[in-house]
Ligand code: HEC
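Only one chain is given next, in structure tokens, and it is the form predicted alone.
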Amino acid sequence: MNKKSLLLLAGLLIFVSSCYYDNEADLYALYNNGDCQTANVSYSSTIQPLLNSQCISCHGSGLAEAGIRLDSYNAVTVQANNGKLYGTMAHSQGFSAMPPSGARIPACTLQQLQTWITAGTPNN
């Protein structure tokens, strides 16, 4: 193969590999298989385990990164009621994306969080 053919082939490979398109609904469907349960969302069985697995390592007792604690129901409801809890987890514009790794939590989990907030953040 001559030099011109190699350059053409390399350019074609770069072009084809750059044509990758993801749509959010398809990506996050992998996490919840379209079977998102939002009927019985509770603080103790849904929200607290989410926070324990995703947030407490930085926002737990004694840590309180950025002054935000998420290790008690009262502390969580402050963040939920001011819109910051959902805004940061949903990576909404104007909020610091959490977790900061860049990977947003699954869409179903966000729906469950929103359901709990909309219900008035019950301590159940």
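All values derive from a computational prediction rather than experimental measurement. A residue's number is simply how far along the shown sequence it sits, counting from 1.
This protein has a second form, the form predicted in complex with ligand HEC, left out of what is shown; the following refers to that one.
- Using a 4.5 angstroms threshold between heavy atoms, Ile47 stays clear of ligand HEC in the model of the complex.
- Not displayed here, ligand HEC is kept clear of Thr77 by more than 4.5 Å at the level of heavy atoms in the model of the complex.
- Mapping the unseen interface onto this chain, Tyr73 falls outside it, with no heavy atom inside 4.5 Å of ligand HEC in the model of the complex.
- With a 4.5 Å cutoff on heavy atoms, Ala39 does not count as touching ligand HEC in the model of the complex; it lies far away.
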